[in-house]
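Shown here is one chain on its own, the form predicted alone, set out as structure tokens.
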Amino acid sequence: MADVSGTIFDIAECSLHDGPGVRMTVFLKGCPLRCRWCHSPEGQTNAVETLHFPDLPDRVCGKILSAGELAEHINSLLAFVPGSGVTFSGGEPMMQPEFLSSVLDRLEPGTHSLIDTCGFVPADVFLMLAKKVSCIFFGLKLLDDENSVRWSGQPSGRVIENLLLLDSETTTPYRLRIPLLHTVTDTPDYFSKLEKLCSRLKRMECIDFLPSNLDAGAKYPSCSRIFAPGFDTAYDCVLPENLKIKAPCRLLRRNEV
């Protein structure tokens, strides 16, 4: 099997909220979106970069590994935790499709694998990778092009297309994960659009609504970026009582994300 290399920026070896059970989460570097609420700005660019912290040594963010090296590391650690699994997050893990595909092909048979994706990748790449894993966490954001460009930097059409393909062209279980943000995704207009979209989905297991991350802006200065969300990050949003979605919906607590 030919080996390819990719860039990661972190590995969480004992994660509780990135899929079922105790699992490892691998964060791949690079993302096509620039969400105003992003809590991993160090994962946005695909290049290895140096982070600068006041009164602390600089830290290199990013490590280049071969698919074989990463798969060997994953397999060696998961062997000690029966029933565990691995989640590939980011950034956007599908931005490195050959690398991610090669790592997945090298995992021990029966390993529970999950991709946490924003869905903004070419449809052929999306379907190829979605069919290789045990589960998909689909990070749905805005549902119309104008607001999607305003808040995430990219239009929404490709994301929605891939979500519909995931539902109709694969058998991979999936759930939606939606940031619940004041004046952005907690509006009557947003919930109305979401209800219409979900009425077209036949296999969605559930929706997890995610609260604002109050610490999201802490890492931005180290990356020479400015955190300017444009909404109240401390506002505690609630779900409407009359939300017309057949699948279970829950608003996670801040310590669950």
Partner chain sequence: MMSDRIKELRQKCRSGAYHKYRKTGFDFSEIRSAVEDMDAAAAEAFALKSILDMETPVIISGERLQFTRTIGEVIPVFFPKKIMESAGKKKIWIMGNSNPDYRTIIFQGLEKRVSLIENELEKYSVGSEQHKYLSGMIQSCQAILSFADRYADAAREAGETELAELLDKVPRHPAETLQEALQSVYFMSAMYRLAGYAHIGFGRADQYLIDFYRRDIADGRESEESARELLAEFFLILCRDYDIFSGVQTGDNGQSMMLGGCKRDGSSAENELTTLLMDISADLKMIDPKINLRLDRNTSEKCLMSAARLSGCGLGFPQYNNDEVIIPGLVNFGYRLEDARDYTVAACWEFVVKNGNDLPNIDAINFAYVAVLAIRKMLREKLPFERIADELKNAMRSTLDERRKKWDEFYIAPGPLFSAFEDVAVQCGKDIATEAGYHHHIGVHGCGSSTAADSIAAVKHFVYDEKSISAEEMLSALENNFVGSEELQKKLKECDCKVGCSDKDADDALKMLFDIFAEVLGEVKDNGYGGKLRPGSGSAMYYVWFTQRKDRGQYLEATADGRAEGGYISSSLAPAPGVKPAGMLSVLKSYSKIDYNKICNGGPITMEFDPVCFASELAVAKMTSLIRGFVNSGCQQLQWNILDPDVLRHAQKYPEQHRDLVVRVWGWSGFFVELDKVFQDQIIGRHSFNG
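Note that the structure is predicted; figures quoted are calculated from it, not measured. Numbering follows the first chain given and starts at 1.
The same protein has a further form, the form predicted in complex with the partner chain, not shown here; the description that follows concerns it.
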Exercise for review: Could you check which residue among C135, L77, M128, I160 gets a heavy atom within 4.5 Å of the partner chain in the model of the complex?
Suggested key: L77
Review point. Is E13 a contact residue for the partner chain in the model of the complex, using a 4.5 Å heavy atom cut-off?
Key: yes
Exercise for review: Classify L243 as contacting or not contacting the partner chain in the model of the complex by the rule of any non-hydrogen atom within 4.5 angstroms, answering yes or no.
Suggested key: no
Point to revise | Heavy atom of H73 within 4.5 Å of the partner chain in the model of the complex | key: yes
Exercise for review: Report whether the minimum heavy atom distance between V238 and the partner chain in the model of the complex is within 4.5 Å.
Suggested key: no
Practice item. Name the stretch: of 99-107, 79-87, 152-160, 112-120, exactly one has residues whose heavy atoms fall within 4.5 Å of the partner chain in the model of the complex. Key: 79-87
Practice item. Scan 40-63 and note down the residues that get a heavy atom within 4.5 Å of the partner chain in the model of the complex; none is a fine answer too. Key: P57
